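Here's a solo chain for you in structure tokens, the form predicted on its own.
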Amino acid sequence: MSRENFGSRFGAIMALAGSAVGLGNIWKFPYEAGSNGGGAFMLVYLFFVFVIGIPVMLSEFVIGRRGQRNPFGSFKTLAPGTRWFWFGGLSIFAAAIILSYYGTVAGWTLEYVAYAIGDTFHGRSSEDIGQLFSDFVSNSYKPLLWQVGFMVLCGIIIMSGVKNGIERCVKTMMPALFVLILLLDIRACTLDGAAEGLKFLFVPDFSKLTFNSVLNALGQSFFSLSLGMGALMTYASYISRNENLTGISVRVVVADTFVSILAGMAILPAVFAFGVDPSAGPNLVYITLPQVFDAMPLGYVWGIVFFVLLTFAALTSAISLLEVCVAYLTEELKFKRLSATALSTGVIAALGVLCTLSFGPMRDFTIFGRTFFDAFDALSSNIVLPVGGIFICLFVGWKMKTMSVYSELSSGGRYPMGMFRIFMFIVKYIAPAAILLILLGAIGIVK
């Protein structure tokens, strides 16, 4: 049976950009920038994105397109008779674990779309909005309904296949996402006092930069690009061999970085305009911003636009993670796509229930002192993703034949790669060392 591929270059780029662009860009990047010095943090982040991010992304593309299978199958095909396939399995495990708690946060976003439409935030103080958020996430059933509903929506898209499901979805949602975030930027940047927010974001003050800020910038670049999760590897296996992987990777990284910067421009100027602390952390989106929108002219409209935008970003990333698991079941265990999608969605949604209830009835159930949500987050972000990223680099840099890597990157010589030696040097030495630093910092060895 022939393997389904993306139908166009635009569809492939939108799918890969959709995988990379997610809550990490719109929810996490602004509060990371706000907490780590603004402009100086952003410069370091951009450096890591282009120096480390592109080579690691290309490494995933090489494995996925050359292997023509899911992460597990690609490693097995490219290194037969070895145990390298375990690292493909690690990517699939990472995708499932990340999506389980990602669905929880996406469920919150859906509830906030409903809040914004219902003008729930109007006239409430920050304490009231904080209590609203606390009451919602600790509720026994409402967060579950949104989380499971979000997973069902992902499943419906994935059931339709690569062209009719994933590609059709992202070709509509990604352009819409860019339009929505540009509208928010225009509104935020025309507020009185917005200039201070733009100055904070774009004028670097290196006195605010610490070693931890550099480490956070490195980690954010890795998480923002969806590296090590198996999604890019899986999507790359659907890209035609006639396409230029280097050109696609640059476009995807530019789109992802552009959205992160636009998210900062949409949020930080508004935060400064209304005298809010930019280092409010994860609460910035769900507690602080609703109050900011309420104080804005036409804030009702902008609140709806923002949370719809956040939902689009969550959905395009989530379907890429679900596809990793579905591709494994269909290709390695010979499931039909319908059965594979139903099983993957059901198992991940069930794990997600544990994460969702971690803020309510199951808050006292812990694993090594962490709730299920925090444990899954720590396991994936601090251990599984960095370990997977290191071995992806080692596989491309040391295990694969150099000519095979070049052949894949140049599409059989169609697109000569002038910086190939620099790419290989980074993949062999620089990227593994940088990712190891993330791992050591995450587990507390390096501070």
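The first residue of the sequence shown is number 1, and the count goes up from there. Just so it is clear, the structure is predicted and the values come from calculations on it, not from any experiment.
There is another form of this protein, the form predicted together with phenylalanine (PHE), and it is not shown here; the text below is about that form.
J.: Give me the residue from L23, I426, A434, I13 that has a heavy atom within 4.5 Å of phenylalanine (PHE) in the predicted complex.
T.: Answer to the contact question: L23.
J.: Just one of I98, A188, V285, L177 has a heavy atom within 4.5 angstroms of phenylalanine (PHE) in the predicted complex, so which one?
T.: Of the listed residues, the single hit is I98.
J.: Three residues, F223, A231 and S317; all within 4.5 Å of phenylalanine (PHE) in the predicted complex via heavy atoms?
T.: Yes.
J.: Using a 4.5 Å heavy atom cut-off, which of 148-156, 370-378, 270-278, 319-327 contacts phenylalanine (PHE) in the predicted complex?
T.: Among the listed stretches, the partner-contacting one is 319-327.
J.: Please tell me whether any heavy atom belonging to F75 falls inside 4.5 Å of a heavy atom of phenylalanine (PHE), as the geometry stands in the predicted complex.
T.: It does not: once phenylalanine (PHE) is placed as it appears in the predicted complex, F75 has no heavy atom within 4.5 Å of it.
J.: With a cut-off of 4.5 Å between heavy atoms, is Y112 one of the residues that contacts phenylalanine (PHE) in the predicted complex?
T.: Contact check for Y112: no, nothing within 4.5 Å of phenylalanine (PHE) in the predicted complex.
J.: Examine F306 and determine whether its closest non-hydrogen atom to phenylalanine (PHE) in the predicted complex is within 4.5 angstroms.
T.: Taking the distances in the predicted complex, the answer for F306 is no, it never comes within 4.5 Å of phenylalanine (PHE).
J.: Determine the residues of 101-125 with a heavy atom within 4.5 Å of phenylalanine (PHE) in the predicted complex and present them in sequence order; the list may be empty.
T.: Just Y102.
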